[in-house]
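Just the one chain here, laid out as structure tokens, in the form predicted alone.
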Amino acid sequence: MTMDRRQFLTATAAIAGASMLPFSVGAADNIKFGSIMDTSGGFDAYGKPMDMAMRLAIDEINANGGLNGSQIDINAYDTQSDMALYTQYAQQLTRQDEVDVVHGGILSASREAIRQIMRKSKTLYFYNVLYEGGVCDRNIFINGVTPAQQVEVLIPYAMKKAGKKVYVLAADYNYGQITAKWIEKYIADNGGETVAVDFFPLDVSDFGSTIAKIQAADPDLIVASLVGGAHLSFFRQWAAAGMNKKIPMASTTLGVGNEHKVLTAEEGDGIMVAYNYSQELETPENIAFKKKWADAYGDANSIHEIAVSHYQGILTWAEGVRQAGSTNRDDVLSALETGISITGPGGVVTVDPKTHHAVLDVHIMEFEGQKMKVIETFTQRQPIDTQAVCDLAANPDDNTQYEIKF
């Protein structure tokens, strides 16, 4: 990751190092909260603000009397963006630390490394990141947007603005591969044509030949599902070639880690996205959240989409514990499955009992002056992609990530 990207995360200095040991040790009857997160390494631009959001949420809960009279202790591990450490620390949290819940993971591969360990140990697990959809497992709750919530509104908006010939770029792992299929579906549903789909490993940073291919294909619109610091190079190279003035672009990922603050306004202006959160939302909840964040960390610059998803996921879990009157896994599951709602910085978040995914507001936005300007809001969008294949009420023992067929 580049030094430029690190500069916009100055508030992360408040975090006390990349802990290899649990964050705190408390009283025996305290609630034990487990966290596994990339707070160093290649994905720390996502992980550090998620860690900050977690600490802010737990501090707020503890300051207000805890949950059911008990304080929450954090056991947090830094995976250093090393996939092998996800497995190691997941086992540590369940076997030695004996935590009551685990929140964590960024990439889908990290989620799958954690998920089976949590399921086997019967430790409740929350994954709070936008992803490709399809996970069906009663032991997990997912709080990020899925393709049907996001891509279904983004593609018609972008095509109406730009045109019907679309070139798709995506990260070469399951998020990018599956999301690209959803993008193709919604292009076709809206009368468009996918002229090409190109996939890129996460470490690819030279896009010169790709830009030449796009120029030859002459599409009306680019849709990019690229991930991470290396892939950020595409947007800079695209602008340096002058192409951002010629072919409009939409993205399903750009900005979730505040990449629009790393790009200059000249490089980023006009890129279209659809997410649950923008710092520009003028709601009482978001205004209050940004103030709390700034009070804790010096300013609110480091807040991003998946940090807010993480914060909202923790509030959802906490409400489940309150309503259950217990941290017992089965009791909390039953409480959450009543369709619990909380109101967070991104709006109302409701648990869908059928899939354990979140019902969320989604906003069409455009980058303007290194901000995400809200254009249109779609309230309380259902995770209909995962609902099409997952019914945990009917099949509570399901343990599948479905790839939805079109």
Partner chain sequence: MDLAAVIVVETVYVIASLVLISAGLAIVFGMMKVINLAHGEFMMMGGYAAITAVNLGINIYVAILVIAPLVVGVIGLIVERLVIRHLYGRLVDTMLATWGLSLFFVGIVTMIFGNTTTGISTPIAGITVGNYQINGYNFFIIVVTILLVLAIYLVLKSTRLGLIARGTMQRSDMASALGYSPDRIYMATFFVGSAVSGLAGAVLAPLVGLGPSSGGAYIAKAFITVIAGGPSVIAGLISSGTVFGIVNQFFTFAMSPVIGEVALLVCAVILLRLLPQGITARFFKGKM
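Note that the structure is predicted; figures quoted are calculated from it, not measured. Positions refer to the first chain, counted from 1.
The form predicted together with its partner chain is left out here; the points below concern that form.
Asks: Of the listed stretches (127 to 135, 260 to 268, 279 to 287, 310 to 318), which one has a non-hydrogen atom within 4.5 Å of its partner chain in the predicted bound form?
Replies: Of the stretches listed, the one contacting the partner is 260 to 268.
Asks: Could you tell me which one of 233, 94, 139, 71 places a heavy atom within 4.5 Å of its partner chain in the predicted bound form?
Replies: Contact check passes for 233.
Asks: If the cut-off is 4.5 angstroms on heavy atoms, which of these, 298, 201, 325, 191, is the one near its partner chain in the predicted bound form?
Replies: Spelling it out, the residue with a heavy atom inside the cut-off is 201.
Asks: Looking in the predicted bound form, is its partner chain within 4.5 Å of a heavy atom from each of 213, 237 and 241?
Replies: Every listed residue reaches its partner chain in the predicted bound form, so yes.
Asks: Taking heavy atoms and a 4.5 Å cut-off, does residue 41 contact its partner chain in the predicted bound form?
Replies: The answer is yes: residue 41 has a heavy atom within 4.5 Å of its partner chain.
Asks: Since only the chain is shown here, I'm wondering whether residue 121 would be in contact with its partner chain in the predicted bound form (any heavy atom pair within 4.5 Å).
Replies: Residue 121: no contact with its partner chain in the predicted bound form.
Asks: Residue-level question: is residue 229 within 4.5 Å of its partner chain in the predicted bound form, judged on heavy atoms?
Replies: Although its partner chain is absent here, residue 229 would touch it in the predicted bound form, with heavy atoms inside 4.5 Å.
Asks: Using a 4.5 angstroms cut-off on non-hydrogen atoms, would residue 45 count as touching its partner chain in the predicted bound form?
Replies: Judged by the heavy-atom cut-off of 4.5 Å, residue 45 is in contact with its partner chain in the predicted bound form.
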